[in-house]
Structures are given as structure tokens and as C-alpha cells.
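The chain that follows stands alone, in the form predicted on its own, written as C-alpha cells.
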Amino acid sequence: MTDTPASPPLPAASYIHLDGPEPRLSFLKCKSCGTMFLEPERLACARCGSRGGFDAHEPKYEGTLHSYSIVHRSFPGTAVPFISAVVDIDDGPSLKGNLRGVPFDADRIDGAMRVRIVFDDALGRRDADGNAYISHFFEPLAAD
């Protein structure tokens, strides 16, 4: 009996890149107006209509919590509760993801807290071929 080596994890979203020693984010930034997009390819800017192209933009890995929801019911097999959050990334677009490292208590969550982006296994989920995924998460920045 031979053991099949596990395949490396895959990115959970097209803007997550696993081509280096650490996962990273990369967005498209319109060369004309600076608007950023999460999709890996675009023909034109949805804001200014420019077809002048896009630059790849790697953001800072910090941002400010914009909104959140504590989710208590979800699809079968999805562990609850979890906190679904939207974060305004410093020098980047707004990004949705799970906020972790805070209590599931709205009275104890600062609605404008500073967070950092971290990467981790996508909650142990596997696709039909057994592939694991890497996703991004938000965690509170430690108070200095």
C-alpha cells in the first residue's frame, strides 16, 4: 500500500495567491482612477470605464472593521456561531471574511476596531477531490 502525498492547499478566493512562502492578497487597481477590484481579470473599469489596464496591488494587511454580523444559524455542517465581517482594508478595497479572536457578544465588539488579515485553513473544509483550502480571516490588532 502506498501513501499518496497530500496535494498542497488551494486558495479559497481568486485574490488569494499561494505562490510564495506566505499567502498574499492581490487586487486589480485601475490605472486611470485607482478603483480596486477583487476579480483577477477585467476588461474595463466599472467606475470610470477606462480600458487602459490595471496594475496588481498588494494591500497592507490591516484595516478597520466596517460592519459585522454574529451568525447563529447557517448551512448544515457549518459550525456556528461565527462572525461575518466587512473590513475596509488600508489602501485597499473592502473585503468580507470571518472575524475571529473576539467574543460572540455584540456588546464586547468595537464596531470600528482595527484588524489584521491572517491566512489559515478554510475551517477544515474539503472539496469532492479532498483538496484543502487556504482562506483569509480578520483578527483584532493587539493594543500597544
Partner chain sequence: MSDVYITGIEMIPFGRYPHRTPASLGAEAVLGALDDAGITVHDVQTAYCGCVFQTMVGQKIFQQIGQTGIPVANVSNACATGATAVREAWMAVRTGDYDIALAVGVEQMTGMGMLGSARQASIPIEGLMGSTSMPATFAEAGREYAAKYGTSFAQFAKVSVKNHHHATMNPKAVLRKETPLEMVMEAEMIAYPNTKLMCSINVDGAAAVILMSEKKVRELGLMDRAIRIRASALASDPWQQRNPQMPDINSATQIAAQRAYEMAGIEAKDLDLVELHDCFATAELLHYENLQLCGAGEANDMIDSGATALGGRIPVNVSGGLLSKGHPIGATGVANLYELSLHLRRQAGERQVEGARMGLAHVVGLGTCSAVHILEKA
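Numbering follows the first chain given and starts at 1. Superpose the two forms; the largest set of C-alphas matching within 1.5 Å is the rigid core. Fair warning: this is a prediction, and the values are worked out from it, not measured in the lab.
Below, we turn to the form predicted together with the partner chain, even though it does not appear here.
Under a 4.5 angstroms non-hydrogen atom cutoff, the partner chain in the predicted bound form has residue 46 among its neighbouring residues. Among residues of the shown chain, residue 96 is one whose heavy atoms approach the partner chain to within 4.5 Å in the predicted bound form. Residue contact with the partner chain in the predicted bound form: residue 122 places a heavy atom within 4.5 Å of it. Contact annotation for residue 85: at least one heavy atom lies within 4.5 Å of the partner chain in the predicted bound form.
For the options 30, 117, 113, 38, the one in contact with the partner chain in the predicted bound form, meaning a heavy atom within 4.5 Å, is 38. With contact defined as any non-hydrogen atom lying within 4.5 angstroms of the partner chain in the predicted bound form, the contacting residues in 60 to 83 are 66, 67, 68, 69, 70, 71, 72, 73, 74, 75, 78, 82, given in sequence order. In the core-superposed comparison between the shown form and the other one, residue 111 has its Cα shifted by less than 2 Å.
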